[in-house]
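What follows are C-alpha cells for two forms of the same protein chain, given separately as structure 1 and structure 2.
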Structure 1
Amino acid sequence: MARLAFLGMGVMGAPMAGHLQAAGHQVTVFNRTRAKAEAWVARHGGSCAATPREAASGADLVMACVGNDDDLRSVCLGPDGAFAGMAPGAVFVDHTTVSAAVTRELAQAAQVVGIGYVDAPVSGGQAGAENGQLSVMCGGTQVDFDSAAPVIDAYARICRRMGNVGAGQITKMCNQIAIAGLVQALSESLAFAKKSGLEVEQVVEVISQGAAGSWQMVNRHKTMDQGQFEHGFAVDWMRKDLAICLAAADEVGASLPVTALVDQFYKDVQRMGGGRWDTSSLIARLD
C-alpha cells in the first residue's frame, strides 16, 4: 500500500481516487473548490489538503486529473505546486489530456527536482472511471512506469507503457481522432435510418453484431435516437482535445482531414448551445 495524492475531484478524478482509497492506499486529495474535496473525504475517507504542495508532501505517487494545460501547470509548479512538496524519487502521474508540449515542459521540470513523471491520459469516460475500467496509455521511463502501474491498476481495465514521456498523450490523440470520425459516421448512419423509416433499435441490433459495431454504437445509440445529450464527455472538452491533435499533426506532418472537418461540426454544436452536451450530439446537426 502507498501514500498517494490525487489532484482534481472532477467527474473522472473523484471516482478514480475513490478506487485508490478502496484498494487500501492512504489518499490525500486536493481540489480548487475545497467543498468537492471535503465531500470526497466524507464519502471515501482519506484526507484533503489546502494546496497541491500540501497534498503531495510525503506521497510516493501524485496523480492529477484536471482540465487543460494551464490547470496542470497550476497544480504542478510554483511555491504551492505539487512539485514543491514531492520528495526526490517520488513519481508524478498525469491523467489529464493535455498537449505534448506541456508534458515535455513539466517532465523536464520534474527531472530538475529529482522526481519521476508519467503522462497517463485515460479513455473510458465517467462510466469507466466509476467502474474502474479505464484504458490508461502511459509515457515515461520503464522505472517510473513500473512504480505507477500497480497503483493505476485500481481503476484500469488496461494500463500500458507506450514509450518515453509524451507517448501516452500521443496515443490519447490517436484515440480522440478515431472517436471523432466514428461518432460522425454513427450519427449519419442513425439519421439515415430514421429518415428512411427504419427503427433505429432494430438497425443497431443487427449492424452492431457485424463489422460496424463499436462501443459508441452500443452505449450511445439510444440517447442519440432520443436526442438526449446531458451526460458523458462534453463537446467543449472534445474540441480542446481535437485542437491538441490538429496542432500535433502539423508538427509531425500528418494529415487529419476528417478530424479537422468533425472539429468544425462540433463547433456547429457549440453554436447550437451544446457545448456541455455529450460528444454523441453530432447527430443533432443532422436532425
Structure 2
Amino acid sequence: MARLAFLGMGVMGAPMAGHLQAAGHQVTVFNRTRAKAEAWVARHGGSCAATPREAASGADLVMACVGNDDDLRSVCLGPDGAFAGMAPGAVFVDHTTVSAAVTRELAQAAQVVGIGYVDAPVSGGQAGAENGQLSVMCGGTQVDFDSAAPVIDAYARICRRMGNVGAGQITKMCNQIAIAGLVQALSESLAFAKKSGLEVEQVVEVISQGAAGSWQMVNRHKTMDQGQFEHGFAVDWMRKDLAICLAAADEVGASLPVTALVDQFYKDVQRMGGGRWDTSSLIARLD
C-alpha cells in the first residue's frame, strides 16, 4: 500500500480518490475550496491538507485532477505547489485534461527536481469515476508508469502507456475529436426523428443494435430527448478540450474541420446559458 496525495476534489477527483482510500492506501487530499476536502475526509477517511505542498509531502505518488493548464500549474509550481513538497523519486500523475505543451513544461520542471511525471487523462465521465471504470491513457517513462499503474488500477477499466510524456494527452485529444462529431450526428438524428413524428425511444431501440449504435446513443438518448443535461462533463470543459485539439492539430498539420465546426456549436450552447450542461446538450440548439 502506498502513501498518496490527491489534488482536486471535483466531479472526477473526489470519487477517484475515494477508490484509492477504499483500496487501502493512505490518502491525503487537497482542494482549493477546503470544505470539499473536509467533506471527502468525513465520507472516506484519510486526511486533508492546507496546500498542495503539504498534501504531497512524503507521498510516493501525487495525483491531480483539476481544471485547465493554469490550474494545473498553480497546484504544481511555486512555494506551496506539490513539486516543492515531493521527495526525489516520487511520481506526479496528472489526470487533468490539459495541453501537450503544459505537460512538457511541467514534466521538465519535475525532472529538474528528480520527480517522475506521468500524464494520465481519463475518459468515462462521472459514472466511470464513481464506478472505478475509467479508461486511463498515459504518457511517461516505463519506470514511472510501472510505479503508477498498479495504484491507478483502483479506478481503471483499462490503463495503458501510450508513449513518452505527452502521449496520454494526445490520446485524450483523439478521444475528444471522435466524440465531438458523434454527439452532433446523434443530436441531428434524434431531432430529425422527433420532427418526423417518430418515437425517439423506438428509433433508438432499433438503430442502436445496428451499425449506428454507440455508447452515446445507448446512454444519452433518453436524457437528450427530455432536454436534461446533468451528466457531469461540462460544455465549458469540452470547449477547453477542443481548443487544445485544434491547436495540436495545427502543430502537426492535421485537419479537423468537423471538430472546428462542433466547437462553434458548443459556443452557441454556452450563449444559451449551457456552459455547465453536459456535452449531449448539442441537441438543445436544434429545438
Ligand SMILES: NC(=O)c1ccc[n+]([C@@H]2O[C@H](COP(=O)([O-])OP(=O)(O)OC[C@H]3O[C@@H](n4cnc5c(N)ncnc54)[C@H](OP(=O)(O)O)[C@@H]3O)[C@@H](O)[C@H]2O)c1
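Predicted model only: the values in this text are computed from it and were never measured. Quick note, the numbers are simply positions in structure 1, starting from 1. Superpose the two forms; the largest set of C-alphas matching within 1.5 Å is the rigid core. Shifts are known only where both forms have a C-alpha.
- Two forms of the same chain are shown on their own. Structure 1 is the form predicted on its own.
- Core-superposed comparison between structure 1 and structure 2 places the only run of three or more consecutive residues whose CA atoms all shift by 2 angstroms or more at 230-232.
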